[in-house]
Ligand SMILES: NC(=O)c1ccc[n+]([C@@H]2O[C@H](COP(=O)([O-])OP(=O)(O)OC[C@H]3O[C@@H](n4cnc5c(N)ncnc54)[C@H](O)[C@@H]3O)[C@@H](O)[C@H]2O)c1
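A single chain comes next, written as structure tokens; it is the form predicted on its own.
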């Protein structure tokens, strides 16, 4: 099988590549990445570009059919991938996450690729009540990132056909280890804060609901999407990819970290404006369709793996939220240095 993965040098990409290399035989992977975040820093033995069979450096807005000729599948991970970056670069988020991904899906179909997998997000459900959101629930994306993911689903749904399978995996919030670890994710942030400051500061009152998923389980879901085959399923499938036990309130995440590091202090901000990004998600459909690819990594295991990775590199940056360990800060530094323009294109 020949696979093209966009965004392979990000947070999720290295874990996907390693998992697929381990579980699928006769595999050739081409990675395509613009290189924003290619510098891993967790002491991994192999940098992300060393894991693939062929590495291309290109902007997904510019990829042409040549990259996809002869490919069996396309995995689209490339994205402006969280709310702070989306808020700072709203138009670019739309252009990369939706417009470019839509065009690339169309190019893939024309090139004879048999399936494409989109890394979507449960954040498309937005603000909800205490009921868990199913795939048929009303969507209410509140941020540029969430809107771009839902718009992408709408744009590519009609492209699916008997010869071209499209799978949109609506992932929970990511966490856990990676060759290219990032700390601008809620659980990863809590672990880093606990380690270097002995304190976890929750920016809200801690009540919002979020589902979470470990990077290793995301890779397992992508493997399922690559190999799924069911005569009862339409060529296009949008599915919540996670497990029902993964729904937590933010304060519960902090308590799980405290279980790992008992001396940690937890502080909430009850006077903060309510965080409207609160949603529980129902993953029953995924449990039904992918019984052999269910999440295996508990949140406690994710916490332990992050802690171990940070220990390995002797992580001690008390001000990491202002450092290059946060993706938005990396982009800002490139912009300040004149290496990226306002559309986040490299300046040559």
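All values reported here derive from a predicted model rather than from experimental measurement. Positions refer to the first chain, counted from 1.
Not on display, but discussed next: the form predicted together with this ligand.
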Quiz item: Even though this ligand is not shown here, does it sit in the predicted complex so that 187, 214 and 260 each have a heavy atom within 4.5 Å?
Solution: no
Quiz item: Which among 262-270, 202-210, 136-144, 173-181 is in contact with this ligand in the predicted complex, heavy atoms within 4.5 angstroms?
Solution: 173-181
Quiz item: Taking 4.5 angstroms as the cut-off for heavy atoms, does residue 37 touch this ligand in the predicted complex?
Solution: yes
Quiz item: Counting only non-hydrogen atoms and a 4.5 angstroms cut-off, does residue 78 reach this ligand in the predicted complex?
Solution: yes
Quiz item: Going by a heavy atom distance of 4.5 Å, is residue 12 a contact of this ligand in the predicted complex?
Solution: yes
Practice problem: Give a yes or no for residue 119: in the predicted complex, does one of its heavy atoms lie within 4.5 Å of a heavy atom belonging to this ligand? | Solution: yes
Exercise. Only one of 299, 60, 290, 51 comes within 4.5 Å of this ligand in the predicted complex by heavy atoms, so just point that one out.
Key: 60
Quiz item: Among 166, 218, 254, 101, which has at least one heavy atom within 4.5 Å of this ligand in the predicted complex?
Solution: 218
Quiz item: For the stretch 303-330, which residues lie within 4.5 Å of this ligand in the predicted complex by non-hydrogen atom distance?
Solution: 327
